[in-house]
Structures are given as structure tokens and as C-alpha cells.
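The chain that follows stands alone, in the form predicted on its own, written as C-alpha cells.
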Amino acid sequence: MAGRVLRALLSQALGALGVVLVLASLVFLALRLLPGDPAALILGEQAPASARAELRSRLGFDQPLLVQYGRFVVGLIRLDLGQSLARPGRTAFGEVWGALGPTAALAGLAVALGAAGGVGAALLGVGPWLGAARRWVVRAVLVVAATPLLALAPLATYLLALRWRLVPLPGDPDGGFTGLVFASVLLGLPLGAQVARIARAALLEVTHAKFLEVAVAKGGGPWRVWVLHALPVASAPIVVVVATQLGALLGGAIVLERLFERPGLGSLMLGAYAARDIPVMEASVVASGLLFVVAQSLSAALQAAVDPRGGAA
């Protein structure tokens, strides 16, 4: 049993590394096979020929493509793709490590808030607390689920931060933890809506289960019946939907960072693209791809833990 698990983990790790290598190779080729002179693209067409030649030599673009690729792969293994062109003295991966913390904090808090909010909305949508008004919870969940994040986030920011001034702007450097929470709530809303839909359906399936009737007959209140008895039974699909949304949520974090100019991997990546900072572009794209692969691997592990039949398949 332990041997099978170890082989499965090793196979998954090798597959993840293979995906990251393919992604890195595509980034490498995209930046070198496009028409035009990369040095002229970075420095501008008016730059002296000597400056462009010096930059090509510095980046290794004057070497044969296979030699460049070999150096690129070695640099990946050593986590050294050179220094930033926009910020001399800072390595490309050093810039990435500095941006990973804000992105991880944003995505991690968004997962926690989205999952908790979705489960809470599902309980309100099936439990007796709101009576007939619970249908409005269901409708609100459907509206959030059907609204793209790029439309929902600016609207919520305008109302809550600009018009009513209840929260700081998500990109305000003085917003502190409150700004992080608000940005995480915005990012977690689509996840919360998906969790609410799946959790509500799972809870409705156990509505007439015998163990709930027994709990009610013993005098259990709504909180005890639904939260302590029904929710654990319905937790498997909830865990699965959270796991499957991890990769999408990570991508949303990168988009949201750029939308609100928050520090993080998304802002670094697009800033490096605007500045034509090729080493940082390569490092940030590889890092974001690695995070996505790790998120998908965690998703597969969680699904296998919750439903071994699915993991075996």
C-alpha cells in the first residue's frame, strides 16, 4: 500500500515537473522566435547599435538557440535566470520571491473566506432560520455565480470603497489587513457561489435521512441538526469543489492584483512585460505555472482523499 502511494506521488511529481518544463520552454521560445530584435524591443529602435549588441550578449541572444536553451534549463534548475533589467542588482527570481508572499496571502485568505461564506450561504438556503426568505439567498448565489469577477469586483469596489467608504480601496497601500480582507472577499466570491450551490444540493440530499430524524426526535435544535449532523455528511462534494477551483482562484488572484494595482505576482508579471524585463518575465511566468501545477496536484490529492474511487481512476 505504502509503495503504491509513493509511486503515485512520484509519478505526480514527475508529471508536474514535466508540465512546468514545457511551459518554461514555450516562454523561452516565444521570447526568442518572435520577429524582430529583442534588444531593439527593450532599448528602442533609436538605441545605438553598440548598446543593442551589448544587451544581446548580456542576455545570451548572440548564442545559437540550442546553447541558449541549455543555459536556460540550467538556470531554471539553479533558480537563476539572470538579473532584472528594470532593477539592476536584483535577480529575476529574487523579484519573484518578493511577490509570492502577497499573492499567497491574497489567494489563501480568499479560499478560506470563499469556502466559509459558501457553506454559510448553503446552510441559510436550506435551514429553517430564514423561513421563506431563504429563496433570496439562493437567488443571490445564482447572481454571484453568473457574474464575471471582472464585472463584480469593480462594481463592489465602487459601492463599498468609493461611494459608501466602508472599506479601503483594495490597492491602497495604507489599507493594511482591512484592504487585504476586502480584496480576498472579492476574489473569493465566485468560489463562495460555487461552494454554496454544491453544498446546498448536497445538504438537500440528506434532508430526509434517518439520522436527521433521530437528531430532531432527540430534541436537537436547527444548529445542531444541520451543522453538526448534516454538514459533515455533505462535506465530500464541498471539499472537491474547493479543490477543483484552486487553480482558477490563483489565476483570479493574478488578475485582481493587476486590476487594483496590488503588489504580487500578477503586478510583477505585467510590469515586467511593460518594461520588457525578459528575465523577470520568464521567472514570473514559470513561477505562476508552478503554483498552478501545485494547486492542481493538491486538488487531485484532496479529491483522492475524499473519494478514493475517483483518485484511483
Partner chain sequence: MSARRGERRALLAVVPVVVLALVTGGWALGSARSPTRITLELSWQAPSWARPLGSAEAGVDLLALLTHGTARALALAATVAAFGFVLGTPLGAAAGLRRGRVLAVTLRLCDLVQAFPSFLLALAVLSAVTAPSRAHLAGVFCLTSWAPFTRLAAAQARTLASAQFVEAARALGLRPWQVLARHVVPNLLGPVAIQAGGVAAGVVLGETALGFVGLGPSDGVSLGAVLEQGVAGMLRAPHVLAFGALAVAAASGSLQLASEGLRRWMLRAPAG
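Note that this is a predicted model, so its numbers are computed, not measured. Numbering follows the first chain given and starts at 1.
The protein also exists as the form predicted together with the partner chain; that form is not presented, and the subsequent description refers to it.
Review point. With the cut-off set at 4.5 Å between non-hydrogen atoms, does Q296 touch the partner chain in the model of the complex?
Key: Yes, Q296 is a contact residue.
Practice item. Indicate whether L21 is a 4.5 Å heavy atom neighbour of the partner chain in the model of the complex. Key: Judged by the heavy-atom cut-off of 4.5 Å, L21 is well away from the partner chain in the model of the complex.
Point to revise | 4.5 Å heavy atom contact, Y273 to the partner chain in the model of the complex | key: Within the cut-off, so yes.
Point to revise | 4.5 Å heavy atom contact, L59 to the partner chain in the model of the complex | key: No, L59 is distant from the partner.
Review point. Of L162, A132, A217, I77, which residue is found within 4.5 angstroms of the partner chain in the model of the complex when only non-hydrogen atoms are counted?
Key: The option sitting close enough to the partner is L162.
Review point. Which one of A112, A201, V227, L150 is close to the partner chain in the model of the complex, taking close to mean a heavy atom within 4.5 Å?
Key: After the contact test, the surviving option is L150.
Exercise for review: Answer yes or no: in the model of the complex, does the partner chain come within 4.5 Å of a heavy atom in every one of T103, V206 and V241?
Suggested key: No.
Check your understanding: Counting only heavy atoms, which residues in 99-119 are within 4.5 Å of the partner chain in the model of the complex?
Key -> Stretch hits: zero.
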